[in-house]
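What follows is a single chain, given as structure tokens, in the form predicted on its own.
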Amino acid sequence: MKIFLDTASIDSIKKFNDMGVVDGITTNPTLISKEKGHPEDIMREIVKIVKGPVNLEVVGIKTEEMVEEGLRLKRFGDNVVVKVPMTMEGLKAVKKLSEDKIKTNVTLIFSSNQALLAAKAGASYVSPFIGRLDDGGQEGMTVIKEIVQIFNNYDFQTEVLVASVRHPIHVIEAGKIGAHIVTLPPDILGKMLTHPLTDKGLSLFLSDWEKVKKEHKYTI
């Protein structure tokens, strides 16, 4: 399963990218608005840092606006994926962009029906928002199961990108279902790294090693 980082923070991207665990990036207008600097400068910098897919979202609502903006975003780098909202106008834009060999990610998906339509329109990725579904009293992972099964049944090449991840358990559940990708905020990825028993074990190892060093006057 691939892991994308859901952020526009250059510091966070560099931190986790250097670890070798980040396969790509997802951003949106809200995330970019939280960072200092010109939006285009931020997007260009992210594209330079990350070798994998970098999802940059359009803000237009009409098909022509989305296509024009998508073509402009694509100039930032070959690894740019254009994020488009799940609307009728958005799917028209996906069709046109895919005809130009530009990868697209249909975002704000909340049902398997929407995911199916996005895949048929030519989307490279679909982004179901499981956390928001959970917030509304629905089982977000049930939607992921349905989408994965449908795509497997009909051999769609569209990848399922699980979004709105709220905790590490979501990551495990998505992996067990067979989702292709999860995108998560830096704090959730940080939580995946740590475990109290790891900290306890490391502390014990270091303490024992200090005893060995003192006993044998070992300096390395």
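Quick note: we count residues from 1 along the sequence shown, nothing fancier. As the structure is a computational prediction, the values presented were derived from the model and not from experiment.
The form predicted in complex with erythose-4-phosphate (E4P) exists for this protein as well; it is not shown, and the discussion that follows is about that form.
In plain terms, the part of the chain that comes close to erythose-4-phosphate (E4P) in the model of the complex, with a heavy atom within 4.5 Å, is 25 to 33 out of 189 to 197, 172 to 180, 148 to 156, 25 to 33. With the partner omitted from this view, the residue of Lys103, Lys92, Arg132, Lys74 that lies near erythose-4-phosphate (E4P) in the model of the complex is Arg132 [heavy atom within 4.5 Å]. Here is the short version: of Leu56, Ile46, Met66, Ala163, the single residue with a heavy atom within 4.5 Å of erythose-4-phosphate (E4P) in the model of the complex is Ala163.
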